[in-house]
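A single chain, nothing else alongside it, follows as structure tokens in the form predicted alone.
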């Protein structure tokens, strides 16, 4: 079967990897469907891309921020026009259902318009000097060349979270998208170019982490790294970047809890739990992988949740009737199956699912049944480690305080949710849950682009996407203007 061969984008030109190697991008719902062949890049390709970005930085940093914003705004309008085609491309290469990939593209649209507005809001501060006839202020400066490594589960939204704020701040970029979903990032960057982005301002190097990602992280001319992926890889990225004193933004894993109290609106909580657990086939860092149930409602909730999970339609995401798409690759299927066995060995009770789907309409793809475990305790591995698949644990508790303790007992701290009608407990949870995001009467997924996104503990290192991204992609410069026409020595000449 013939397929399209794509190329790296370096300095505004499309070119193959210098070594001539390629890899195939396959549809996870149908292995026989080849989305395209992409370059398998190595260090020399990264070197070319970084050199192009460094050259472009000299002029891009001087473009007024409102003019940079015009390009981003234009890109947002083009994304609106191309939304359906880009969504279909994304479902074909990533697998999640078409309604979700439309949402993924919409997130990039939202990000474009939000960040375009920041072109006139890159504020610094002015402040009185301690000396007479001296003016003091601070301004934001671009960092320089920024390296970006992005995941496969949100292959347009997450690159937009990184690229757009970096660009509005005056940086140039080299991005290495996940090898499982390269086309969506190409579509995004091609849209930026069509909107008027100058050559070399954004460069794409396709390939695998060890061969293309690692040299990007360690490159001497890359001034900062923004990474989204697993905690294990993020730790390696952070260590490697530290050797050359690069600031690093790490957004990594999660083991997110939805707490349901006895007084909750159960129908609402069930809706949220099904969406949070099985949306994106559980392949979100914010996925609801733990549902904490107060004893009074546990039995009723469990029965209904399991029934709803069993009824979910698993299939090709391009079919509008499909509710749960495939997992991204065979490795993720193996991980889900491995954790099913771990949970059973620990004594958890398999309530539904637990198997890969390999026959009939599922024969050519990476499909796994929506899976629910009951009888889970907070100490079990299934309740502590990230699966990144359609596998959810039900944990029962007695008191609200116990629920908070269970929710906080893990090594991650990304997203949390509480369902209750008690405003006092809602505000207590907002204060006490150890996470970067807390939802009240809403599931653990559903972040909006203008709020800070990220977490604590093994989830992240303190930086944020959304609100806060500009802080990472800029550096502060203090500026002093002395118009006294004489030497004035701070902390010395103004001493009494």
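Positions refer to the first chain, counted from 1. What you are looking at is a predicted structure, and each value in this text was computed from that prediction instead of being measured.
One more form of this protein should be noted, the form predicted together with adenosine-5'-diphosphate (ADP), which is absent from this view; the next part is about it.
Contact annotation: of the candidates 258, 185, 393, 150, the single residue with a non-hydrogen atom within 4.5 angstroms of adenosine-5'-diphosphate (ADP) in the predicted bound form is 150. Interface residue among 237, 168, 418, 145, judged by heavy atoms within 4.5 Å of adenosine-5'-diphosphate (ADP) in the predicted bound form: 237. Residues of just one listed stretch (226-234, 271-279, 129-137, 93-101) have heavy atoms within 4.5 Å of adenosine-5'-diphosphate (ADP) in the predicted bound form: 226-234. Using a 4.5 Å cutoff between non-hydrogen atoms, residue 179 counts as a contact of adenosine-5'-diphosphate (ADP) in the predicted bound form. At the 4.5 Å threshold, heavy atoms of residue 210 reach adenosine-5'-diphosphate (ADP) in the predicted bound form.
Contact check for residue 214: a heavy atom falls within 4.5 Å of adenosine-5'-diphosphate (ADP) in the predicted bound form.
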